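Next comes just one chain, in structure tokens: the form predicted alone.
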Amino acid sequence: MAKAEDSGAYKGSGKLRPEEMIYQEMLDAILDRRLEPGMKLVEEDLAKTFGVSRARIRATFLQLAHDKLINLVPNRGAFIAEPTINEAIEVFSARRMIEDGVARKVATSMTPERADQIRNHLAREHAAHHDGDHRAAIILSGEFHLLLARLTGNLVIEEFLERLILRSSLIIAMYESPQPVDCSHSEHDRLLDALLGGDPDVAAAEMSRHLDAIRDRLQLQRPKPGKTDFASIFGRTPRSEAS
């Protein structure tokens, strides 16, 4: 993802509007656990951090709220969403139902080309784990599931699952145990073996075991976040609000 210089304001690009680029940086910060669940997002501070107007920050907030990543509370402001235990269970239950069908479809429509796509992705996952790149491992874990959804050829399923995976990442950030909770690449290897076997029941059962394992590794309490230094989180020098 292209970024503006660390200390400068966003100028935009031929592809992404400034608020879209800010959205991506904030999403990265959520996946990195730099923006923690329950953290208050101060509009004025973020405008100075990114060197943009508060209107652009508000536009970013609206997209994040649409994706269930933040909560907009009247008269209080914006906060990183804090999914409840029940919400966490419901999100993984929804993923289990959807990805059951995904696994069945992919298992019965596997080709050598598709198998190579999945293997190439898993090689990147393995490299991220080997290098200790936790952020890349989290992102690649989610993208593995999106790749399988894409292979079904159903855009609606892919888009819906993408939103659920974003919410799953937030849930993992909130309830992560001392051991990493993101998808184990060894579990993905076993899932690939099941998909290559061509039996939809076996593939669906392996997918369910995998999602249940992620859920079961969650820890159901965490400390409240302290005061937030947005400039430090995003590695930027605060600037006066842009016009």
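All values derive from a computational prediction rather than experimental measurement. Throughout, we count residues from 1 along the sequence that is shown.
The protein also exists as the form predicted together with the DNA; that form is not presented, and the subsequent description refers to it.
Visitor: How about I30: is it within 4.5 Å of the DNA in the predicted complex, going by heavy atoms?
Guide: Looking in the predicted complex, residue contacts with the DNA do not include I30, since no heavy atom lies within 4.5 Å.
Visitor: Taking the DNA as it sits in the predicted complex, is A194 in contact with it (heavy atom to heavy atom, 4.5 Å or less)?
Guide: It does not: once the DNA is placed as it appears in the predicted complex, A194 has no heavy atom within 4.5 Å of it.
Visitor: Find out whether any non-hydrogen atom of D67 is located within 4.5 angstroms of the DNA in the predicted complex, and reply yes or no.
Guide: Looking in the predicted complex, residue contacts with the DNA do not include D67, since no heavy atom lies within 4.5 Å.
Visitor: Are any of the heavy atoms in E43 no more than 4.5 Å from a heavy atom of the DNA in the predicted complex?
Guide: Output for E43 is yes: heavy atoms within 4.5 Å of the DNA.
Visitor: Could you tell me which one of M97, L155, A123, V73 places a heavy atom within 4.5 Å of the DNA in the predicted complex?
Guide: Exactly one residue meets the criterion: V73.
Visitor: Please tell me which of R58, R190, R217, R209 lies within 4.5 Å of the DNA in the predicted complex, judged by heavy atoms.
Guide: In short, R58.
Visitor: Please pick out the stretch from 89 to 97, 114 to 122, 135 to 143, 75 to 83 that is in contact with the DNA in the predicted complex, where contact means heavy atoms within 4.5 Å.
Guide: Contact-bearing stretch, as computed: 75 to 83.
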